[in-house]
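First comes one chain, alone, set out as structure tokens in the form predicted alone.
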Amino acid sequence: MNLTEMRALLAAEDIRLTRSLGQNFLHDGNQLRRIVALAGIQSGDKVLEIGPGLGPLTEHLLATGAQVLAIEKDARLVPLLRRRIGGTNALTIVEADALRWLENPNDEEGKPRDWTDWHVVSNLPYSVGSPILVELAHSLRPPRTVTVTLQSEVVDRIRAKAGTAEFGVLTLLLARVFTIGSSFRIPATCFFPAPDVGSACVRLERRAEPLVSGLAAATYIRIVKSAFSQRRKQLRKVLRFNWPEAALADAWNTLALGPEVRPEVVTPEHFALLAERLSRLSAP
């Protein structure tokens, strides 16, 4: 589907795209092919696509021989999507708010959602892109890979290294579960309507084992969120509100952390080690 076809279809259906839903549809065939290539989708793969819109990326995913589950929130677009490309057993279309849908840990049959063998490939609505990624990272069985288009500044935060201005909560919450692969920028002219922000596509790959799991994972998340609520303060001083000073002193000595270290210079691996030690304690 090229830009002319996209404009004509929306006009024929008298549909105006809404900024509140983050509807900036990617129409450039070269960029769509780059996304699918970066995702490495093969025939028979199971793919979750969030926000398919009119289905240009969906078409490219189906062309690989993949099985696609597409979650679309806009009720106006769902019948169009079904008419255009719904006549195949390889595509399942669900009308739902993807973030709320993912927040439910169980599927429609009441079974825990298992994304272990799935790939996520999406041009995510920018307004909810970060929460959707965090929800996927927090799931009990996260997907094998995630290849998504987001605001370029969000991709910069995902890819950030400790000690940089972009490094923060999003970096760390995703780093617990995923390693970060390649990325590329996408010009605004490749979207309709053209967004006012930069865009980029990035690939995440699930770690063989998360940095921490179980109770330590919950502690890791708590530490990260607490630390970056006051990122300019010394990390140890921030954590004193939740853990005894003696426990923090022991952890700092064991991990050889500087007494004045601030959150933005602590690596995901060190946050994980800190979480492992502090998870053995019950916060007061």
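Keep in mind that what you see is a predicted model, and the values were worked out from it rather than measured. Start at 1 with the first residue shown and count on from there.
Just so you know, the form predicted in complex with a small molecule exists too; it's not on screen, but the next bit is about it.
For the candidate spot formed by A217, E276 and L278, no residue has a non-hydrogen atom within 4.5 angstroms of the small molecule in the predicted complex. Site annotation in the predicted complex: the residue of L136, V212, L124, I158 reaching within 4.5 Å of the small molecule with a heavy atom is L124. The partner is absent here; in the predicted complex, the one residue of E103, D114, D97, E153 having a heavy atom within 4.5 Å of the small molecule is D97. Under a 4.5 angstroms non-hydrogen atom cutoff, the small molecule in the predicted complex has G22 among its neighbouring residues. Taking non-hydrogen atoms only, I85 never approaches the small molecule to within 4.5 angstroms in the predicted complex.
The small molecule is not drawn, but in the predicted complex it has no heavy atom within 4.5 Å of R206.
Using a 4.5 angstroms limit between non-hydrogen atoms, L77 touches the small molecule in the predicted complex.
With the small molecule omitted here, the record of contacts in the predicted complex names 89-97 of 89-97, 175-183, 139-147, 106-114, defined by a heavy atom within 4.5 Å.
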